[in-house]
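Let's start with one chain on its own, the form predicted on its own, as structure tokens.
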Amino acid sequence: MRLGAIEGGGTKMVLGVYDEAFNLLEHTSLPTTVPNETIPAMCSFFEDKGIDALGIANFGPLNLRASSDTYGTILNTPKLAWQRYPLLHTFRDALGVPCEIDTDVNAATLAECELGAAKGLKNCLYFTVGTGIGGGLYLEGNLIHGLMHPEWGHMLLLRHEEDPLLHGICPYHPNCVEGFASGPAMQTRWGIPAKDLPADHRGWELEAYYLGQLCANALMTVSPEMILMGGGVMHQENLLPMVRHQMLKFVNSYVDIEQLPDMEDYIKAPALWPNSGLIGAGLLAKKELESQ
């Protein structure tokens, strides 16, 4: 069994081929430019690899309603050249193998639940915090979809009273998670990228306030057994402990602490990052092949 995998991002497309034991056999990456440049190059990579199925973990938003004629199409992305692009159908037609698609964060969630930090749990929530903020929820062996894929990054939050930003940078919502806590929000707030903020900068406390609020909301709504937090902004090692602390402050003892595991085991870093998304795409391919 040879499984093709695509992790489609805003700046690059990462392509890989796995065997059935998820050993990575080949991989490469291509810049994400426009479809008529990027897609042919991606198809060319896979054409002589003998893959049995392809999994696509892509930036969203995506149409993931399986009953829809435009299932697998990219929707209202800010990357204008990719809006309404029929990604899934294009690869099915070009490669002639079973193909499946999901969001990049959902695929990462699948990888962590089946092969990584949450292996053996019945449910888990994975947040990625970077240029954007997204989340994937795994429940009883399935990734959760509804009318659309849940947009955790656009959950509405309380603004911190000392935040220099009077409103978040999201063009749709003045007070959502992505608008307050994404990498671009941090750069807008402090004038330098998050990766360049010193460990003792007060910006990390503010970041933890918003991410802790997000985790508290998740605990109260879907009650995951574990919350994983990955992405570029989470590179700061001091951030996770601060997020745990802020989450407990927002919960405010409503949930008995005896019901929660040790917080270091409850909110933690993913085990497979930065490869979670590509491995998850391979798992999507495997599941699609097995369903045929």
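The structure displayed is predicted, hence computed values, not measured ones. All residue numbers refer to positions in the sequence shown, first residue = 1.
Below, we turn to the form predicted in complex with a small molecule, even though it does not appear here.
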Pick from 230-238, 24-32, 61-69, 42-50: which stretch has non-hydrogen atoms within 4.5 Å of the small molecule in the predicted complex?
230-238
Evaluate Ala194 for contact with the small molecule in the predicted complex, applying a 4.5 angstroms cut-off between non-hydrogen atoms, and reply yes or no.
yes
Answer with yes or no whether Gly132 is in contact with the small molecule in the predicted complex, where contact means some heavy atom within 4.5 Å.
yes
Please check if Pro184 has a heavy atom lying within 4.5 Å of any heavy atom of the small molecule in the predicted complex.
yes
Can Tyr85 be called a contact residue for the small molecule in the predicted complex at 4.5 Å between heavy atoms?
no
